[in-house]
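Shown below, as structure tokens, is a lone chain in the form predicted alone; questions about how it binds or moves come after it.
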Amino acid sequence: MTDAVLVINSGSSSIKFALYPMSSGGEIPLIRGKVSGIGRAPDFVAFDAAGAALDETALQNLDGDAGHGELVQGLLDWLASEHSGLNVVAVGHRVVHGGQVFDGPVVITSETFKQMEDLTPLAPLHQPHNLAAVTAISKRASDIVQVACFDTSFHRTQPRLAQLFGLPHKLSDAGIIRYGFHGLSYEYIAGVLTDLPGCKAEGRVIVAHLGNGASICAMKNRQSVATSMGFTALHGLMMGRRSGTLDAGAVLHLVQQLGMSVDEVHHLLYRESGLLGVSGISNNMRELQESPDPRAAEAIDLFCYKAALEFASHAAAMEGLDSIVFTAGIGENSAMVRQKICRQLSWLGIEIDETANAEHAKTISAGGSRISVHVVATNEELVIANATRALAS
């Protein structure tokens, strides 16, 4: 029997999971997988440590209306029946919002669960699903230690000025501040900066988490000092479906002059904008790069232009820049996007080695570049597993 840590990342329409050995040092998951299509027809895939596919019919008996809690229960049933040699002794959860309450991972108790519930208005699209997974496991095995790891915690090291909007103090005191997200990804990258040749790990580093959701983080001494996302994950860079930063007056115009409802504006900005909205084709960067449609090219150019502006802004927050790291789906896999962003920032002394960039090498800056540029695959699940191991033991 092998003691294991179960990591759960419960999103709005999917549940990603991974099992790691409880013993420290195990960085390769014993099992990893995903349940997608939640709310329609749940689709289950799983792989062992060698990457071989496991039984994909495990959750087919569940109704298409099955919610996150039921699917987590089904996942636990599958593990118990098909992988009885694994003994889940602790569960680590990605929880999107920790507010100003949580600046690091915590063991989930009735008190901390209530505090996380109270933060639901700050992340109504994600927090309920995160907590549904916690509840499902508590019902199944109340003795299992559960740990919450927050996407906002990494940014709590930011100075006060970096967190404030230009709003009256009473609103800032009420919690309307910049929180930032993708913190688990940034925590992982901060932990591996010293492994990157030429990277000034303790210096001024910008990490770009570029995926369907996208943000950047400015780090000094491997701590967050500024980030592009703000009160919500809508702010900052243009994303796959999200608009990114938008003049608040434009939102008022949509409501007051065009007669759109709040729900319609919400859907527009979160689901119909970004790469999808500008191109009218897709939110998938690979599809856009392969498309001959000029609108696809414009969407890519706007994505890179907006990102370059945020890079410059965050370099100003650190009064300089020593290294850049690209990560996440687009950051790791799109040589075109990396090249366009770095070309826009060439005035900073950035030079790209085109061959290394095309090969997605770990270091893609040329030898004479004043700023080193790197590509690193992020690993949020490992961050959660390590935090859970530490607190559970």
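Fair warning: this is a prediction, and the values are worked out from it, not measured in the lab. Note that residue numbering follows the sequence shown and begins at 1.
The discussion below concerns the form predicted together with a small molecule, not included here.
Note on the partner interface in the model of the complex: the residue among G329, P42, P29, G33 having a heavy atom within 4.5 angstroms of the small molecule is G329. Checked against the small molecule in the model of the complex, the residues N283, Q127, S224, S323 give one hit for a heavy atom within 4.5 Å, which is N283. The shortest heavy atom separation between G277 and the small molecule in the model of the complex exceeds 4.5 Å. Taking the partner from the other structure, the small molecule in the model of the complex has no heavy atom within 4.5 Å of any heavy atom of S172. Contact check for Q289: a non-hydrogen atom falls within 4.5 Å of the small molecule in the model of the complex. By the criterion of a heavy atom within 4.5 Å, N212 is counted among the residues contacting the small molecule in the model of the complex. Stretch 332-340 is the answer when you ask which of 332-340, 350-358, 363-371, 42-50 has residues with heavy atoms within 4.5 Å of the small molecule in the model of the complex.
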